[in-house]
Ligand code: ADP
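Only one chain is included here, represented as C-alpha cells and corresponding to the form predicted on its own.
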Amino acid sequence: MDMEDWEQRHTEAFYNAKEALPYLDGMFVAYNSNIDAIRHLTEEDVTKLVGFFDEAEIQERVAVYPREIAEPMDFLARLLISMREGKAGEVPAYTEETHKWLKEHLGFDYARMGGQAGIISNLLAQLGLKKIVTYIPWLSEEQAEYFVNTGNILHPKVENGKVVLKAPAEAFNPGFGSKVNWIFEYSKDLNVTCAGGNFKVPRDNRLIISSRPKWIRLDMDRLVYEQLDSIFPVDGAMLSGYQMIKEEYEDGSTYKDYVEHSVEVIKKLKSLNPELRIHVELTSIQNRLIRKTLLTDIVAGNVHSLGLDTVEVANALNVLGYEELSYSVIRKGENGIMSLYQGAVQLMKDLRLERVHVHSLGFYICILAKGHPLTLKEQRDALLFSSVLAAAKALKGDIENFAEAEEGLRVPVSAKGLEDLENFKLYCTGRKLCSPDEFEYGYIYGPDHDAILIPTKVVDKPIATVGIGDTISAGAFAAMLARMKQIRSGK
C-alpha cells in the first residue's frame, strides 16, 4: 500500500462527502448524553493518588479487578489496570462517594459535552446537517447548555399533549438533575510506580468513570413514542447508551422491560420510513447479561449497522460464545488483525447486520453484507471521510465547522496502520478474498460478504481521545447515507 495514494484518497473522499452531506434531510440521535469532567493525568497526579492508600491494598484490589466503582480504591485499581495495559475502559459508579472524593482530592481541568448521543449530535450539527433530532430521556437545564447553538439540533418536547421539536435550551425538564462522568486521560510513556513496581504506559488512552444515578432510565416518553412521526423527515438513526440498562430497578421493573421498549422504538422508526438505516454505537459494558442481551435482542435482526472498537469486538465475541477468537483479538500479536477481521465477519453473520464498522488505531475494517448499498469505492470514501474527522478532533479537541474538519487532511496517514494492513495482505490474498491489486485499493470480496480496509490518519499526541470513536462512526455513517441520498436525487 502506497502512502501517497492513500493521502490522495483521503482528500478526494473528504470533498466528496462535503458535497453529499447537504442532501440529507436529517438524523435521529438517541439516547445518552452527560457532562464530562476531564482530567489529563500527569506522573505527579498518579503519585499523589497512590499516596492516599496503602500500596499493598492497592495491589490486592487490582487483582480483584473491580467491575464497578463503589469507593475511591476501586477507581485507583481500575486506573492502574487501564494505564498498565494502555486500554480504554469505562466502569460504572452507582453512588456519589467517588465523585465527591475526586472533586475534593483531584479536581478536573474542564467540562464538556459527553455521552455518545450528545457528542454525535454536536458533531453532525457542526458539519451543517439540516436537522438533528436528539432525544435524551434525562435532559436537564445544565445538560442542555452543552449542545452547540447552531440552530439545527432539535429535541422533542410534549406541550398540551402534542410533541413539538424545540432547541434543547427550550426542551429540557426543569425537574431533572445532571449526569456527570469523569474522564481520566493519560499519555504514552507516563511512568507509574506502585508497591515497588514500575511500568510505562504503552499508549495514549483514557478511563471513564460512568455515573449511573438511580433515576436514569433508558426509555422514551410514551407520548413521544406515539407521535414519533413528528421527528421526520430523517434519513438515519444513531442509537447508543444501552449500557445504562440495569438488570433490576427499585420499582420492580427489569432489563427486559427496557429492552422491549427499545425494540419497539426501532420497529416504529423502520415502519415510519422503510428506507431508514439504523446504526447502534457500542461501548464498554461490564455486565455480561446486558452486553449479550443488547447484541442478541436489540441489535440482531433489528438494526443495519454496528460501530465498535477492538476491545468491544472482543467483548462481543466473548458473550456470543467465541472465547478463543475473542482472546486472539484482545491479545493482538502478529495474528491480531486476522482475528479482528474474522471476528467482525462473525458479528455481521450472527447479528444479521448489513454493516460492521471497526475502528482500530491506524486502520478501520468495515464488513459489508452482500447486497449492501453503494460501490466499494463509495463505502471506502465514507470511511476515509471519518478518518479525516477523527484526525481533526484529535488535533484540535473539537470540530466547530467544516474548515476545522478540513485541518485533519494535514495529519499524515499512519505508517503503523499501513504496515498492519500489509501484513494482512498475505491472509487475504492467500485465501483468495481479493487479488493483490484489489487489496491496494482496500477492497475485499469474500464468499458471503465484502469488506473495506483502510489505513487512517493518526495524531501522534492528541489533545483528547474521548469522542474520537463516536466521531469516526458518525462521520462514516452520515457520509454513507448522504451518498445514497445523492444517488437517489440523480446527482
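Each residue number is its position in the shown sequence, starting from 1. A quick note: this is a predicted structure, and the numbers were derived from the prediction, not measured.
Another form exists, predicted in complex with this ligand; not displayed. Remarks below refer to it.
Quiz item: Does each of 76, 89 and 183 have at least one heavy atom within 4.5 Å of this ligand in the model of the complex?
Solution: No, none of 76, 89 and 183 comes within 4.5 Å of this ligand in the model of the complex.
Practice problem: Report whether the minimum heavy atom distance between residue 420 and this ligand in the model of the complex is within 4.5 Å. | Solution: No, residue 420 stays farther than 4.5 Å from this ligand in the model of the complex.
Quiz item: Does this ligand get within 4.5 angstroms of any non-hydrogen atom of residue 361 in the model of the complex?
Solution: Answer yes; at least one heavy atom of residue 361 falls within 4.5 Å of this ligand in the model of the complex.
Self-check item: Distance check, residue 204 to this ligand in the model of the complex, heavy atom within 4.5 Å
Solution: Residue 204: no, not in contact with this ligand in the model of the complex.
Exercise. Look up in the model of the complex whether residue 446 has a non-hydrogen atom within 4.5 angstroms of this ligand, and give yes or no.
Key: Contact check for residue 446: no, nothing within 4.5 Å of this ligand in the model of the complex.
Self-check item: Among the candidates 46, 459, 452, 434, the residue which, in the model of the complex, approaches this ligand to within 4.5 Å (heavy atoms)
Solution: By the 4.5 Å heavy-atom cutoff, the listed residue in contact is 459.
Self-check item: Among 152 to 160, 387 to 395, 267 to 275, 122 to 130, the region lying within 4.5 Å of this ligand in the model of the complex by heavy atom distance
Solution: Every other range fails; the passing one is 387 to 395.
Quiz item: In sequence order, which positions of 451 to 475 have a non-hydrogen atom within 4.5 Å of this ligand in the model of the complex?
Solution: Residues within 4.5 Å: 457, 458, 459, 462, 465, 466, 467, 468, 469, 470, 472.
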